[in-house]
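Before any questions on how it binds or moves, here is one chain, the form predicted on its own, in structure tokens.
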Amino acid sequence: MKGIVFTEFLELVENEFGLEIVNRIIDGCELESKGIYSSVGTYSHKEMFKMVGKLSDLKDIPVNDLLEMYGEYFFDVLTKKYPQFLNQPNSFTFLKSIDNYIHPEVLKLYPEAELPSFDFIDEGKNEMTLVYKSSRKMSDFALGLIKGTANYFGEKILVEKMSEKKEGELVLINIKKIG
């Protein structure tokens, strides 16, 4: 997993919960990296789960809620760092561009990156079903990214996991525009 995911997570934790919590997470997780991340480095996704789990313990917030919150935050970070990917008319068009446009561009920058894949089933103008596939099992992070996408495009959506298979490697997500 690219280091930017780690550096921005720690930034979010510091902003929301304070530097003391960041230090308690790093000290309490026995991380191979020792909590030292470069935004362009590559690190085990297991370290992210350790840190999110520790934050969950410290703040009594469910892991899935923390991952979703982080996904929303991270999308905002991406909009500032990579605005060239956002030249789409709405969230659905943007989401459909991920596998065919955005991920290939990411792989040009980071050829070793392991990215999730997304397949889409159109349900109509205001509804779609997304099939999330990733061995990292971070669909809650993806839910947050989807919500961040809708926020960016000024749309209100309802996002719901419909089913999970292979312990979260394959997740069916329904997205409805509301209002």
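Just count from 1 along the sequence shown to find any residue number. Just so we're clear, the structure is a prediction, and the values are computed from it rather than from any experiment.
Not on display, but discussed next: the form predicted together with protoporphyrin IX containing FE (HEM).
Asker: With a 4.5 Å heavy atom cut-off, would you call P116 a contact of protoporphyrin IX containing FE (HEM) in the predicted bound form?
Answerer: Heavy-atom contact with protoporphyrin IX containing FE (HEM) at 4.5 Å: present for P116.
Asker: Does any part of K2 reach within 4.5 Å of protoporphyrin IX containing FE (HEM) in the predicted bound form? Heavy atoms only, please.
Answerer: Yes - in the predicted bound form, heavy atoms of K2 and protoporphyrin IX containing FE (HEM) come within 4.5 Å of each other.
Asker: Quick check on L145: any heavy atom within 4.5 Å of protoporphyrin IX containing FE (HEM) in the predicted bound form?
Answerer: Although protoporphyrin IX containing FE (HEM) is absent here, L145 would touch it in the predicted bound form, with heavy atoms inside 4.5 Å.
Asker: Within a 4.5 Å heavy atom cut-off, is K54 in contact with protoporphyrin IX containing FE (HEM) in the predicted bound form?
Answerer: No, no contact at 4.5 Å.
Asker: Taking 4.5 Å between heavy atoms as the contact cutoff, choose which of S134, S33, N64, T129 touches protoporphyrin IX containing FE (HEM) in the predicted bound form.
Answerer: After the contact test, the surviving option is S134.
Asker: Taking Q88, F92 and Y152 as a possible spot, do all three reach protoporphyrin IX containing FE (HEM) in the predicted bound form with a heavy atom inside 4.5 Å?
Answerer: No.
Asker: Can you name the residues of 50-77 that have a non-hydrogen atom within 4.5 angstroms of protoporphyrin IX containing FE (HEM) in the predicted bound form?
Answerer: Heavy-atom contacts to protoporphyrin IX containing FE (HEM) in the predicted bound form: only F75.
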